[in-house]
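Below sits a lone chain in structure tokens, taken as the form predicted on its own.
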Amino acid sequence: MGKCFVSVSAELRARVALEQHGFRTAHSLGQNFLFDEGLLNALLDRAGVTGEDRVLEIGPGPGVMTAQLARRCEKVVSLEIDEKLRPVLETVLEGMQNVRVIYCDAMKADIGRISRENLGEGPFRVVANLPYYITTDVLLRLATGGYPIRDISVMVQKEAAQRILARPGEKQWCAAAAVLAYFGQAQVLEEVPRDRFEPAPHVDSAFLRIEMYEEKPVQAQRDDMMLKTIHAAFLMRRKKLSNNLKAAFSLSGEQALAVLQQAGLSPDIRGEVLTMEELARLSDVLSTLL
């Protein structure tokens, strides 16, 4: 590769490499790429990515954002599931010594080992552009994994962002929203219309940032029990929480009602209306029994 090509924009390098290697996006992998470097730089500005950061990127695609991260950050490690993108990424990222691409499934990868070996022991940031059908699963894995993550900036389906931002009592309040709210605070940084992607998806998107708490504003005695309690609360929507507790923890009806009483909750309450404080209080009562 000649030096003159190195100065070419990452967008053009990506487009040329994709064409040169005959790459075709796979619907099964949810591949919808962003090429606009101006937009990508604006998103990274909004995310607050700086030269001191170490970043785990999930879903680099053709590497346009990866190149922007490499130019901004101290170190970048990217996880890509599609081996067919290897020659494209090698072309786009040529000469960038502070970035490494690992070809693996982010849902199965050892995130802790990968981050330690490539980014060091300290805190790191996550930037992700994921297939929408696995976004929630990946976010939950990152949030609950005990990794030293400062924040997660991720492109999500607009409707998914609305669910993640939901709060107790709202229609879209759900187990995933409660788990993410326990570990961090989410906000939409930018809405991204579908026509900015290639190929264009059928939905609009939102660039979401979840700032992970150093100290949780609501802290249960045991995080593992808090997660089980959240799962139980939403196990059967519109059912009494006592029924959910019976099913989730193999309690008798009498035991379930006693747990609710100790937590200061109505025997007729439904799980989906509980606040984070109430969920934590219920979790702590369950921790003393189980």
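From a predicted model like this one, the values you see are computed outputs, not experimental measurements. The first residue of the sequence shown is number 1, and the count goes up from there.
Heads up, the form predicted in complex with a small molecule isn't pictured, but that's what we're talking about next.
Q: Choose one stretch from 113 to 121, 186 to 194, 99 to 107, 156 to 164: the one whose residues place a heavy atom within 4.5 angstroms of the small molecule in the predicted bound form.
A: Going by heavy atoms within 4.5 Å, the stretch is 99 to 107.
Q: I'd like to know if residue 249 sits close to the small molecule in the predicted bound form, meaning any non-hydrogen atom pair within 4.5 angstroms.
A: The answer is no: residue 249 has no heavy atom within 4.5 Å of the small molecule.
Q: Although the partner isn't part of this model, could you tell me whether residue 260 comes within 4.5 Å of the small molecule in the predicted bound form, counting any heavy atom of the residue?
A: No.
Q: Do residue 85 and the small molecule come within 4.5 Å of each other in the predicted bound form, heavy atoms counted?
A: Taking the distances in the predicted bound form, the answer for residue 85 is yes, it comes within 4.5 Å of the small molecule.
Q: Is the gap between residue 130 and the small molecule in the predicted bound form 4.5 Å or less for some heavy atom pair?
A: Because a heavy atom of residue 130 falls inside 4.5 Å of the small molecule in the predicted bound form, the answer is yes.
Q: Of 79, 212, 126, 179, which residue is found within 4.5 angstroms of the small molecule in the predicted bound form when only non-hydrogen atoms are counted?
A: Result of the distance check: 79.
Q: In the predicted bound form, do 29, 34 and 61 all put a heavy atom within 4.5 Å of the small molecule?
A: All three within 4.5 Å in the predicted bound form.
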